[in-house]
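What follows is a single chain, given as structure tokens, in the form predicted on its own.
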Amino acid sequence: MNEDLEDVDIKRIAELLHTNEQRITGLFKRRTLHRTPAGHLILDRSVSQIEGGTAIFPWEKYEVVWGFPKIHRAMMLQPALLSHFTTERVAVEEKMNGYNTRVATINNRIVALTRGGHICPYTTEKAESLLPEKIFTDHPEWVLCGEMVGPDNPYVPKETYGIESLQFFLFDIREKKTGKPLTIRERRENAEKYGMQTTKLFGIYPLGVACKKIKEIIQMLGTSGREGVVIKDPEMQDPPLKYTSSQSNCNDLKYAFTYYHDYARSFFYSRVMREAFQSVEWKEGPAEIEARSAQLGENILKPMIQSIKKVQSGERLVENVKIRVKSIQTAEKFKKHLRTLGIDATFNKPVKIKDEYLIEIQKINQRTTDKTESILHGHTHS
């Protein structure tokens, strides 16, 4: 018998996910729904109307935090806006470059979930200090969805935003039991009420002029190295769309081709497509296409060359990140969390700064290192 089925109430889980017991049993048997080392259950991928990353907590009482819905990307912006939205106006908010987290209370305990549904001990500690406890006391039925942004970020460290350590930016509030979102107005009013930072709202525009406004915003964001925008129905009835700057696409490619054997294939095609469609929609001339092509090529070839030279000189390819924690125990839990995610990392000795510990981490990209060494020693590549 599947050990994940032991001591769980299949009927209760089916009720929480608005499905039948047979389907839940099947998900367990296929390991699509399984138990984590933390003791809760996660759904690895989307199934019918159930989002991947949905987390079920079979603790004192059964609770669910629905997975965050996948946001589709507009490729040709104007046609996408007109075909996607049924509303007459759209809200345009900044898409910040950090990592997505959902924060909720489970049996009166704050937990912060990764996109995949795992409890991140580092993010949980940060959420406890960055978010007002009163919002959870007043609204235990809410899930706060936000972006963790800043340099002390073990997943996507960014200096772009002028943040000293790490900050939570709210971009959604959803009901725990249903996954239903609050409207933009309701979410922003509550952010102000409870003193939370929220993603920047550039404006709410008539659908007919939104494309022009978004292009201007994207060009402005790109020049400062920021990622892009999320376009939303103000009432949150239609699902959002996202649209990113050329600079963001190229930064992603630079990262992917630094660790080319780990990420390049999955990153490459979609981002080159974005560049091509954006160039066509923006009616770029020969000089602009030449500049875009040069930027794209540099962010593919240069980081790859640098990585090969590093391995050639005997270096291992690592990603240098850091965390800042109040408790060394949190760092130990985070180390185990990375192992659960299959990430090999070395933690340096903690450095005490005031009432916190700064810990530098080297995330080891062994596959790219090994593949590069193999080719440098004469092995062929299929």
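Note that this is a predicted model, so its numbers are computed, not measured. All residue numbers are counted from 1 along the displayed sequence.
Just so you know, the form predicted in complex with a small molecule exists too; it's not on screen, but the next bit is about it.
The chain is drawn here without the small molecule; in the model of the complex, the stretch among 338 to 346, 315 to 323, 66 to 74, 37 to 45 whose residues come within 4.5 Å of it by any heavy atom is 66 to 74. Mapping the unseen interface onto this chain, residue 275 falls outside it, with no heavy atom inside 4.5 Å of the small molecule in the model of the complex. In the model of the complex, residue 94 approaches the small molecule with a heavy atom inside 4.5 Å. Within this chain, residue 230 lines the site of the small molecule in the model of the complex, having a heavy atom no more than 4.5 Å away. In the model of the complex, the small molecule sits beyond 4.5 Å of every heavy atom of residue 257. Only one of the listed residues (235, 281, 147, 262) places a non-hydrogen atom within 4.5 angstroms of the small molecule in the model of the complex, and that residue is 147. For the candidate set 245, 299, 153, 199, a heavy atom within 4.5 Å of the small molecule in the model of the complex is found for exactly one residue, namely 199.
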